[in-house]
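Just the one chain here, laid out as structure tokens, in the form predicted alone.
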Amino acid sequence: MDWYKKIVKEPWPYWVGGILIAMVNVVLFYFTGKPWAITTGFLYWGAGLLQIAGIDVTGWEYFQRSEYLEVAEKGFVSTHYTLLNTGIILGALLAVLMASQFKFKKLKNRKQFVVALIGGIIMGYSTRIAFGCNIGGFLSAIGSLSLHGWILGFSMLIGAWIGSKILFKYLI
């Protein structure tokens, strides 16, 4: 069982993760014809939930692009993003369960909850105006030789540095 411990329980080297992420990106591009993206799927899930609640999002300016209208006709949940994001969520759950790392953590205080909630909302909004998260807007963009991927990467580096300074000074 030494291999199980080495593969499942212990962290992998960064270079192995990088190679695997690159391979997944290539495979996804081959089968879907689109670069790897994650947050677009969550956008579709949210739009689908709004449609179920009786709110028609197809008239919103954001969804006027032909690819979004096509998705709206088929159903927001019936895209390859649903399968991909469900797989990521279930795969992450399976990985932490197999590594015996799953646990619920109690929030330290309300301030931690509010800061996490606000941060999540800002990150979600930012992925839409940046046309993707660190996967679609950075990794897939660089793989597509797009300049905006490098700009996003540099911006994330600066933002992470500033954010860590704020966290350590005011919140931790």
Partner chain sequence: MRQVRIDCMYEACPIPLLKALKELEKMQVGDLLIIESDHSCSTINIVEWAKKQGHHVDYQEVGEGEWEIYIEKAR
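This structure is a prediction, so every number in the text was calculated from the model and none was measured. Residue numbers count along the first chain shown, from 1.
Keep in mind the form predicted together with its partner chain is missing from the figure; the text below concerns it.
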{"property": "Distance check, residue 167 to its partner chain in the predicted complex, heavy atom within 4.5 Å", "result": "yes"}
{"property": "Residue 128, heavy atom within 4.5 angstroms of its partner chain in the predicted complex", "result": "no"}
{"property": "Its partner chain contact in the predicted complex: residue 112, any heavy atom under 4.5 Å", "result": "yes"}
{"property": "Interface membership of residue 12, its partner chain in the predicted complex, 4.5 Å heavy atom rule", "result": "yes"}
{"property": "Option from 133 to 141, 58 to 66, 31 to 39, 103 to 111 whose residues, in the predicted complex, bring a heavy atom within 4.5 Å of its partner chain", "result": "103 to 111"}
